[in-house]
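To begin, one chain is listed below as structure tokens, in the form predicted alone.
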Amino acid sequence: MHYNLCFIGFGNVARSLVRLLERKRDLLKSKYDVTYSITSIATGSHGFAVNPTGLDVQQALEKAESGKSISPLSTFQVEDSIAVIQKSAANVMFENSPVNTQTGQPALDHIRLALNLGMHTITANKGPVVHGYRELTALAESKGKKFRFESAVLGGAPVFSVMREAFPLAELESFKGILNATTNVILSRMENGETYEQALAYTQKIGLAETDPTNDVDGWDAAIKVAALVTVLWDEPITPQQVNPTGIRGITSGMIDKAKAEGKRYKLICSAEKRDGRIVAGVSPQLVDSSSSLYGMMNSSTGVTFRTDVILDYSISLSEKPSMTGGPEETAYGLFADFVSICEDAVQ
């Protein structure tokens, strides 16, 4: 089967996905008899390109990475992402526009449109998962298509698919983990003697934190991940605002030193628990000691432990990355895995 692919967003993750697809092209063909063309790309700063017969992928990569416009590759004049989706003649859309924790837009509109046009949709964007999970899942089912989002939490590590496929009829009781690498790096470096300001500057220097670090250090990135897990795994829609996160700005070097002297360390803990039929979710800096599985998660390590009525503790973790940036390759693999899953379903 041949798939036409539409890319909305063409940053580091999307470009890593393109390279991964190219690397796995022969395997896709030999194992699933799948071929593909990239027919459309929308970028935030390098223009738009559509060619229903297939874009020159290498030229698109080179132009985007050298700061040039990809628009000369287009056989249509398109001026926004909506037009790109409409003209793409695509079977699958990868939606990787910037995350909007408050509304999920414009990703929500992109995915609605793609599903209505008969495309499978795959995203790493947490916004539409939190703000549109039920609607988009129902819309996908009505169209005989898939809405997939494995990369929304923990990058390429399987979280949603594991709970969906490996734990049939298990009842989730709680989860607890570290879901934001930036704050974990900051707290780890503070434990090694840096001030909060120095550690934050380091994460910004290596591209882990944005120039405006609010989403990370104030807990909003962690909160939207908690909201995504709750919304999907319990089918109980909640927003980051309901999680009401507390970030790490209030953690001082003195607090770090005192904790260290007591054999403890601060971690930005993400958790949710079902109590008497209601969900209690939170994000806050907490002290953990060496008896906790979270104690040894340093620098860019992240992970989460699920407790169910049948398996008491099941953990998924990503160990520290050498670059400490987490790498777009991990998130790209989650997107790729969702695409392969769709291909598998098509041949069954």
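Note that the structure is a prediction, hence the values are computed from the model and not measured. Quick note: we count residues from 1 along the sequence shown, nothing fancier.
In what follows, reference is made to the form predicted in complex with another copy of the chain, a form of this protein that is not presented.
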Does every residue of K24, S161 and A337 put a non-hydrogen atom within 4.5 angstroms of another copy of the chain in the model of the complex?
yes
Quick check on Q58: any heavy atom within 4.5 Å of another copy of the chain in the model of the complex?
no
Does A261 reach another copy of the chain in the model of the complex, with heavy atoms at most 4.5 Å apart?
no
Look up in the model of the complex whether A157 has a non-hydrogen atom within 4.5 angstroms of another copy of the chain, and give yes or no.
yes
Residue contact check: Y196 to another copy of the chain in the model of the complex, 4.5 Å heavy atom
no
Consider the chain as shown here, without its partner, and state which of Y202, Y133, F76, F167 has a heavy atom within 4.5 Å of another copy of the chain in the model of the complex.
F167
For the chain seen here without its partner, which of 306 to 314, 275 to 283, 50 to 58, 66 to 74 has a heavy atom within 4.5 Å of another copy of the chain in the model of the complex?
306 to 314
Need the contact residues for 10 to 38: heavy atom within 4.5 Å of another copy of the chain in the model of the complex, sequence order, or none if there are none.
L20, R23, K24, L27, L28, K31, Y32
